[in-house]
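Listed next as structure tokens is one chain, alone, in the form predicted on its own.
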Amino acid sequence: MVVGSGLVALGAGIAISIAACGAGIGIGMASGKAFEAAARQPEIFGKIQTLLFTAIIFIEATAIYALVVSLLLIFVFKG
């Protein structure tokens, strides 16, 4: 079934691309706000940095989950 295989690959590509765009936007917004906060109050930069890294880890986790789902789509439903 060639058509089904192509649709699975298309779905996997769309899933990972949307997740990567969302993660990129999320990391950009979080980083921008962290730098803005650090510029306003430089004395708490260590706390801001720790919170930023924690937020980035959780944002990247969603992109990794999308990658896992895409790989499952490709290898489980490859027709």
Partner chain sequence: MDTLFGIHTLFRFDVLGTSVGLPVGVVVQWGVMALAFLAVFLMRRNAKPAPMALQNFSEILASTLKRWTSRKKAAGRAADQASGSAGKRLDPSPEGLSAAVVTAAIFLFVFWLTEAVTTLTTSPGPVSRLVGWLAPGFNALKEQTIVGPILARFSGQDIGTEITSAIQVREIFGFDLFGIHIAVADVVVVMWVVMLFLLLVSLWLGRGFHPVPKGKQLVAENLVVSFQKLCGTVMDPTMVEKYAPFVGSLCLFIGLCNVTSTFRLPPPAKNPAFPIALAITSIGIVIAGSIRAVGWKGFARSMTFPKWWMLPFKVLDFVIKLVSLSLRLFGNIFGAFILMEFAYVVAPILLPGLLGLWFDIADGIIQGLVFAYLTALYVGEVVENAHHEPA
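Numbering follows the first chain given and starts at 1. Note that this is a predicted model, so its numbers are computed, not measured.
One more form of this protein exists, namely the form predicted in complex with its partner chain; it is left out here, but the text below deals with it.
*asked:* Check Thr54 for me: does it contact its partner chain in the model of the complex (non-hydrogen atoms, 4.5 angstroms)?
replied: Looking in the model of the complex, residue contacts with its partner chain include Thr54, since a heavy atom lies within 4.5 Å.
*Although its partner chain is absent from this view, report whether Gln41 comes within 4.5 Å of it in the model of the complex, heavy atoms only.*
Result no; Gln41 lies far from its partner chain in the model of the complex.
_Non-hydrogen atom contact Leu67 with its partner chain in the model of the complex at 4.5 angstroms_ = Yes - in the model of the complex, heavy atoms of Leu67 and its partner chain come within 4.5 Å of each other.
*Contact of Ala61 with its partner chain in the model of the complex (heavy atom, 4.5 Å)*: Close contact exists here: in the model of the complex, Ala61 approaches its partner chain to within 4.5 Å, heavy atoms only.
*Tell me, which of Ala9, Leu71, Ala15, Ile25 has a heavy atom within 4.5 angstroms of its partner chain in the model of the complex?*
In short, Leu71.
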